Structures are given as C-alpha cells and as structure tokens.
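The chain below stands alone and is given in structure tokens; this is the form predicted on its own.
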C-alpha cells in the first residue's frame, strides 16, 4: 500500500525531546487531520517529515525513506510543506510567487503556465490579483497564495500547518471546501494540523497529538 508510514518517530530541539515514538499511517489519497493543544508536537511532526527538524525512527513515503534527507530533496520527492509562518514574497507579484513554487519539483520549467491556471481554478481570487505585489494582499489571500505556491510543486503529499489560522469562520469553511476539492481532484495525500475541529469533516483519519504522543481518534471512540 502506497502512502505515508511513520514508526517510532522521535524528534526535538537540542536536549528537549518533543515527539516520543509517534506512529502514523496515511494511505495514498487520504486526508489525515492532527488535533491537539499547543505545544503537543503537531508542528514538530510536520517539520520532521519535511526535513526541517532532525528525527529518529522511520518515515517512508511511497516506500522511500524521508528521514535524514535535506528539505529540498524531500520536496523533489513530492512533499510540500506550508508552515504556519509560510508567507509570501511581498515585493513579487502573485504570478511570480506561484512560478517560484514550481522550482521545487523535478522539472521546474515544464507546464508552469498550465499549473498556474490550475491553481486559479481553486483560488479564483488570486487570478484577479495576478500582477499585484503579494504583500498587498489580505491575510486570507496570502494564505491562499502560500497553498497555491505549494500546489505548483505538484505534491503527492501536502503538509499544512494550521491553514485556517487567523481566518474568519466563514473563510475557514471556504478553505476547507477547497482543500476537499484538491484532495478529490488531484488525489493529493494531506496531513492537516488544526485547532479548528471542523477540519475533521475532511478527514479519512483523525489523530490527537498530546505530550508528544499520538492516538487514533477513531479507535479511541472520540471521533
């Protein structure tokens, strides 16, 4: 079975251990949502998978080991990570930001214009601001642009860290609808870290992360 398999994952910062033997399974084309309090280790888990934090254990995506690889190498394997802090390149236009996203893939110059058009089918508001500096967009529009830039890499695994953070409730609901559409049409596997429990409606799997450990909410009867 293709997808993501994480076993006995341990990670932290210096002497501070954050993750304590995390086990996680996400099959190809599934959406997994990670819930839990601040400081539980959700962000650290995504950072470990994308190579931003050193980790021990095993993490394989479609049978290829992720741990120990540099972030750019992991990106070329088809893993895109939109972090909490993932802003835009403010002086560059919306289009320039999107085209930069294609540089993370194996063939960065192939089919770029078509991929920009594809992003606009999910986020049509960005097309209206095509030539506008990204720094002049609203916070919600910049979040859309960050996700759109990640899609330009043609990811097979998309890691999203609190994508609705700072959005009004209605805007959050709209973004969840777009993510559902991306998952259905692109068959993109996703891991979404959220505090907004509405995200569970997207999920094929839902996990709760607490004190560096993880539990399957379905198996626990809490989902």
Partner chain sequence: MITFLELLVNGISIGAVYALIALGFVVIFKATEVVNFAHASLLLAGGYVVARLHPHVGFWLALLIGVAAAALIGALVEFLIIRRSKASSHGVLAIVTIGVDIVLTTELTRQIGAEVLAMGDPWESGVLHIGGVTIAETRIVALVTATVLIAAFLLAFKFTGWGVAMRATAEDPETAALMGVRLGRVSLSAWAVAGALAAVAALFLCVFPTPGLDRSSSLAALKAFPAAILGGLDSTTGALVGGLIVGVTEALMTGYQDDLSFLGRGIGDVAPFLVMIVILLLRPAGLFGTKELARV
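Worth saying up front: this structure is predicted, and the values here are computed from it rather than measured. Positions refer to the first chain, counted from 1.
Unshown form predicted in complex with the partner chain; subsequent notes refer to it.
- This chain is displayed without the partner chain, yet in the model of the complex the stretch 66 to 74 from 66 to 74, 190 to 198, 173 to 181, 25 to 33 comes within 4.5 Å of it by heavy atoms.
- Using a 4.5 Å cutoff between non-hydrogen atoms, residue 43 does not count as a contact of the partner chain in the model of the complex.
- At a distance threshold of 4.5 angstroms between non-hydrogen atoms, residue 167 is out of contact with the partner chain in the model of the complex.
- The partner chain in the model of the complex is approached by residue 100, whose closest heavy atom lies within 4.5 angstroms of it.
- Although the partner is absent here, residue 92 is a contact residue: one of its heavy atoms lies within 4.5 angstroms of the partner chain in the model of the complex.
- Taking 87, 111, 124, 139 one by one, only a single residue has any non-hydrogen atom within 4.5 Å of the partner chain in the model of the complex, and it is 87.
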